[in-house]
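Take a look at this single chain, the form predicted on its own, given in structure tokens.
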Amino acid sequence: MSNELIFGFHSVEAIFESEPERFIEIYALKGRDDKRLSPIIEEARKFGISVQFMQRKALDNKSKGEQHQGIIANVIAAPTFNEKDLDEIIAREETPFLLVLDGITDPHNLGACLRSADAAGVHAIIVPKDKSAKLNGTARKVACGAAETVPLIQVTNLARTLREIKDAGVWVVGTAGETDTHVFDANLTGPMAIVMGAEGEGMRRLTREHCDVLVKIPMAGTVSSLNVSVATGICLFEVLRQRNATQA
């Protein structure tokens, strides 16, 4: 049984809401006593979870310099999801909505994509096991609790996974700057997987070849591209907008 450190109020609160049994120990900023921290300490004591109060430097060392907001928790590591879990999600959902991240290596971007995915109603995020950011404390903090609600599916072979979800009836929409089709003009109402590539490099060749269609976000200014988490949010919420429009 492995463990991991999580930090920040949203991450800690999300685990209290979903899986409080995962807590091993909580480290809190010594001398801080406010309406944000106090309820967490009270909740921890209610569950019999040990709370250590520490100086800020000790907390900074534990979080390796990442912003921890005065709260860090040592928890049992969350279970990892794989291809079998993905099959179950697709079979369970009437209209599956998936996000595929190809080559996103920055945990800040992964966390931001998780947050947008949760807000847009995505059922699962698919990432390759290699060349992908890990769901660490940084990603969880940026995700603001979404890491506990949106399954992150790690797959061994992304191209093969895309073939399999297409066989299951999921339409695979890739994002690429060279296409002429704007995301706002595409039909995104059915079972859907939105594929986002790494900044600069974009999707890998095999990933691109397994997309049913390519779309782009129209750019009106001088910059040529957006941060991948921003672009992801735009694409996901266009899917949500179209889905809501068909149900109205």
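So that there is no doubt, residue numbering starts at 1 and follows the sequence shown. What you see is a predicted model, and the numbers here were worked out from it, not measured in a lab.
There is another form of the same protein, the form predicted together with a small molecule; it is not shown, and what comes next is about it.
This chain is drawn without the small molecule; in the predicted bound form, the residue among Gly31, Gly65, Gly200, Gly48 with a heavy atom within 4.5 Å of it is Gly200. The small molecule is not shown here, and in the predicted bound form it never comes within 4.5 Å of any heavy atom of Ala193. When the small molecule is considered in the predicted bound form, Ser225 lines it closely, a heavy atom lying within 4.5 Å. The shortest heavy atom separation between Gly177 and the small molecule in the predicted bound form is within 4.5 Å.
When contacts are judged by a 4.5 Å heavy atom cut-off, Leu59 does not count as touching the small molecule in the predicted bound form.
With the small molecule left out of view, the stretch that reaches within 4.5 Å of it through heavy atoms in the predicted bound form is, among 50 to 58, 33 to 41, 215 to 223, 184 to 192, 215 to 223.
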